[in-house]
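To begin, one chain is listed below as structure tokens, in the form predicted on its own.
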């Protein structure tokens, strides 16, 4: 059962509820969500739910109908974010795990780790104990392989994933492996599931070769019931009669599992297909279907691999796949997970006048708008969800000011929309806050929904509130309802809050679908925007002293030019000579100087930062007032 606790519950009441359930034979797990805190109570015991409902501090009790209790969506409405070292797997990001099928030598795994890390993988996979159909096939290097794997992971900053085959391997793997993988052959090895679950470390559970989805989730239940909190499901194909692929990838299992369970699900296209040329298209299909990540086999010389060479990608093929995933990510409203080498995260500071104190170590990030705004969505995509405390601000200026004052560590502001162009107010604010820097970039697709008051229907609507741009972007939909009054409002999410708190019959709003939940509003129709190719780019801001960025990919600068013929052309020529690729150039009036202009320039950084520094020196000599707004990692290299 799920026991929903009152928001204002006293600590002693909470402990009395826990003790009541435990003394009646239930295992109790506390889950703290954004909106509510629950107790998940599971076990063989039976009880009249009314006995629990009358306890002090209980808001309501919900029975769980699925045989898998802890893994079910009934137990936890929000997606689980699995902690793996400094990473969080799940939510709005795509985690890519890569490496060789088996560790063959120190040189092989070090070379592979360097290659996949350079292309953007965030975890390193590799087998040290290999379950092989033939007893004469390569069985792995055992603990020696684990040592090589750990060394390669530490050298590249990547957590390590490796398969455990038996309970007696737990002790030896404990010191080497960050994520214990339960292979397809062991999915229903219940003794192993119990032992690994008791380790309370991240576990990746592969689907068995002939397992149903329910059997798969019941195996996950074993892990959760015995102590595991961080479980990742891995679809790797099931055995069918089809001979053209190694297995048949059940792509439909991804949305099914997403509906049934809160656990993240990744896909192994290498084992699903068995042939390297089939891996990239199947991997992209998995991303399109909603997978939270991929596990891909990569080897510097697949033709020499001691296991699974035909399904293993060359490093250059993996690099191409990663670029394709980057390009696809905004379309499926996700971002490619990166190791945290964007901004160096400063220690948490006390929030001044904040509505709720942040936990120690949490990041406070300011955004403009109300809860559920598109800016908050971009914030969640960029940062790890469970580490961030979003701080709504009424204006863009307040976001900049909060970062400058140290009220928050970071801010996020929209800078450009693919349909309406630049947000000039924020470009101008960069000049007014010279001590702030751009440290990151986030890009999301703008999908508008019609949101009404609780319990309303589309037939009840008489007035529609939203930001003027949102109203314009939904013009074709609104043309179908000429009798509706369109009322401009300062903010999309704020318009949802307004219609709920004001409570006027017939009021509706246009906003992000996620804006409905915080206010208990009703989603009347999704995806009502006229043009689905509607994206907004956001900049992440930090104070100058906190703006260290490792391996930046882009830079933004601002400068003006002398009032002479060809002045701007000369500046662009200097960048071209240094092979610096310009991504955007836009002019803006200089305040106080009518008919004089400055230029905002976004550019891709060359691999050699010394080349970029030299290009800036050239540009500084030819221009006037050059200022670097920031160097940062790109949200995606191709849009």
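Residue numbers count along the first chain shown, from 1. Source: prediction; values computed, not measured.
The next section is about a form of this same protein that is not shown, the form predicted in complex with a small molecule.
Not one of 120, 320 and 335 places a heavy atom within 4.5 Å of the small molecule in the predicted complex.
Residue 271 belongs to the set of residues with a heavy atom inside 4.5 Å of the small molecule in the predicted complex. Among heavy atoms of residue 181, some come within 4.5 Å of the small molecule in the predicted complex. The shortest heavy atom separation between residue 295 and the small molecule in the predicted complex is within 4.5 Å.
In the predicted complex, the small molecule sits within 4.5 Å of a heavy atom of residue 163. Checking 537, 371, 258, 130 against the small molecule in the predicted complex, a heavy atom within 4.5 Å turns up for just one residue: 130.
185 is the sole member of 447, 73, 424, 185 with a non-hydrogen atom lying within 4.5 angstroms of the small molecule in the predicted complex.
Screening 248-256, 464-472, 559-567, 295-303 for residues having heavy atoms within 4.5 Å of the small molecule in the predicted complex returns a single hit, 295-303.
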